[in-house]
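Form predicted on its own, single chain, as structure tokens, below.
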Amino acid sequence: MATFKDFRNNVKPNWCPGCGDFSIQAAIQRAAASVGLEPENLAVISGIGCSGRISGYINAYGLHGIHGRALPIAQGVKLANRELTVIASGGDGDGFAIGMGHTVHAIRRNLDITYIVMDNQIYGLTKGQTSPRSAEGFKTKSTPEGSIETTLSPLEIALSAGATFVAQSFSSDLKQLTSLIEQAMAHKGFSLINVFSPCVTFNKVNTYDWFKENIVNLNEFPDYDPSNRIAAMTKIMETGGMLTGLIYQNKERKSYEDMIVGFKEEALAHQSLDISRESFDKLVAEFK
């Protein structure tokens, strides 16, 4: 059985020292080993940004895609080989700005993949501009007088779009984050995990200390029911989206793959692509 170390490779991350993404990488590796995966059972698909590098730092199948397009690629990978555990990853700019359309439609489509967003409320790779997750009044190189735009709430959007698994964590809480990733991989459908991942270089507001002071852990509410969608939305709004833990899960809705008529249990990647002459001629005849 694979261990945490089996999901390591010899590529050294070049994130800034103290970046929250280090912990997210470790949580993915720990979760993969904990649920019994082997490196060849896992595919990590990433977009552009500091977070996009993560697919190259994990010993598994990996693809570093283009900005905002990790989810279409990840969905294609899953449809081609449904035997793979597929994780898509990206930053808040990648997933909630240029890729927001893909995010919403992936949520409602409900393919059996996990999407981990590394949310640092800023564009880090391009040296510190406002992202859709930046607070009103947030000052950056692109908003020197302070942002005048409303902060986007990905958790509210996910629930509104019909998400079947919504969770949020903090990169410093490795135990909780690892557990949530394990639960997300076991969930039959699309799983969104938004992770507060402080940018120590360009975001001097949303720091580790700031998050520790403002985060509300759902463990503090023993009666909280993550199967109650209305309660989930209420709790998100009550806490201003600053809660962590499993926020909502719908175990009843089928995954996209299970609703496709004629979609074989055998992965497409393992099926023969040969076609008989009779079948070929029948297909061609349809276009005459």
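Quantities reported herein were computed from a predicted structural model and do not represent experimental measurements. Quick note: we count residues from 1 along the sequence shown, nothing fancier.
The form predicted together with a small molecule exists for this protein as well; it is not shown, and the discussion that follows is about that form.
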Using a 4.5 Å heavy atom cut-off, which stretch among 114-122, 180-188, 143-151, 214-222 contacts the small molecule in the model of the complex?
114-122
One residue of L79, I98, A161, A135 in contact with the small molecule, assessed in the model of the complex (non-hydrogen atom, 4.5 angstroms)
I98
With the partner omitted here, the residue among L37, I48, A60, I236 that in the model of the complex has a heavy atom within 4.5 Å of the small molecule is I48
Does the small molecule get within 4.5 angstroms of any non-hydrogen atom of R253 in the model of the complex?
no
In the model of the complex, does T126 come within 4.5 Å of the small molecule, counting heavy atoms only?
yes
Quick one: is H67 in contact with the small molecule in the model of the complex, heavy atoms, 4.5 Å cut-off?
yes
